[in-house]
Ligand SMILES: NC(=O)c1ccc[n+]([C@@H]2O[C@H](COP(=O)([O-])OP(=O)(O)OC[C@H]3O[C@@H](n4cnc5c(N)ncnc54)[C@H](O)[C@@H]3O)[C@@H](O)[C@H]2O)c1
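Single chain ahead, by itself, as structure tokens, in the form predicted alone.
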């Protein structure tokens, strides 16, 4: 399939996990891809793997100027911009552990989370949209989270930032829809990336698996497939939506896993 032949995409957080899987999928579908990532070495390694249809650009989603330079580098190299996957997020284990509750959280944790997870996405749109308009339209996908839709026992800044992203995407879709730009979010479930394995370990993995309706946990390729659909012409009539790619984690009654475990013991 080459649904994206001739298209140029920027993927932030593109050197690993969901971002890397998305870069590989978009290239397979015919796109040229710019890999934006804080980890310059991994970005360059992936670009070497993908070949001349890719470009690695070191960037920091928390630095607006860096985001602007990422978009400029994409257009300078490939001459246009059609697709933006806003995917970078702050997932460092030492940061996530400090993202706890309203009483104990430090404001620097809150502010840094929003600087990367929300302002970085706004900056991506700010600098990408003018180029998409010149190209006659485009598609934007932002990685949200199931945490945007339900309360939890910790990670309040992360969940709130993803909720902000989800509604921000609806605004982008509304403002630019008539000009040919679509914008959607994807809310992954537990995806077994390298970063995800560091943050969700031990007994928590079983809890998450028990609450996933699918017979397995998610893979980065599951999200990449959804991105490829949304940015292709197959998704031409889908905009302003949040697509849950979570194996049914948020689809069931709250007592689902407890009920299964109880009946298994009977």
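Numbering follows the first chain given and starts at 1. Everything quoted here is computed from the prediction, not taken from an experiment.
We do not show the form predicted together with this ligand, though everything after this point is about it.
Participant: Check whether residue 247 has any heavy atom within 4.5 Å of a heavy atom of this ligand in the model of the complex, and answer yes or no.
Facilitator: Taking the distances in the model of the complex, the answer for residue 247 is no, it never comes within 4.5 Å of this ligand.
Participant: Going by a heavy atom distance of 4.5 Å, is residue 145 a contact of this ligand in the model of the complex?
Facilitator: Yes, residue 145 is a contact residue.
Participant: Is there any non-hydrogen atom of residue 16 lying within 4.5 Å of this ligand in the model of the complex?
Facilitator: Answer yes; at least one heavy atom of residue 16 falls within 4.5 Å of this ligand in the model of the complex.
Participant: Can you tell me whether residue 47 touches this ligand? I mean in the model of the complex, with a 4.5 angstroms heavy atom cut-off.
Facilitator: Result no; residue 47 lies far from this ligand in the model of the complex.
Participant: Note which of 89, 128, 141, 74 lies within 4.5 Å of this ligand in the model of the complex, where distance is taken over heavy atoms; exactly one does.
Facilitator: Looking at the other structure, the residue within range turns out to be 89.
Participant: Which of 61, 31, 56, 224 has a heavy atom within 4.5 Å of this ligand in the model of the complex?
Facilitator: It is 61 that has a heavy atom within 4.5 Å of the partner.
Participant: In the model of the complex, which of the stretches 131 to 139, 170 to 178, 97 to 105, 184 to 192 has residues with heavy atoms within 4.5 Å of this ligand?
Facilitator: It is 184 to 192 that comes within 4.5 Å of the partner.
Participant: Could you list which residues of 213 to 235 come within 4.5 Å of this ligand in the model of the complex, counting heavy atoms only?
Facilitator: Read in sequence order, no residue approaches this ligand (within 4.5 Å, in the model of the complex).
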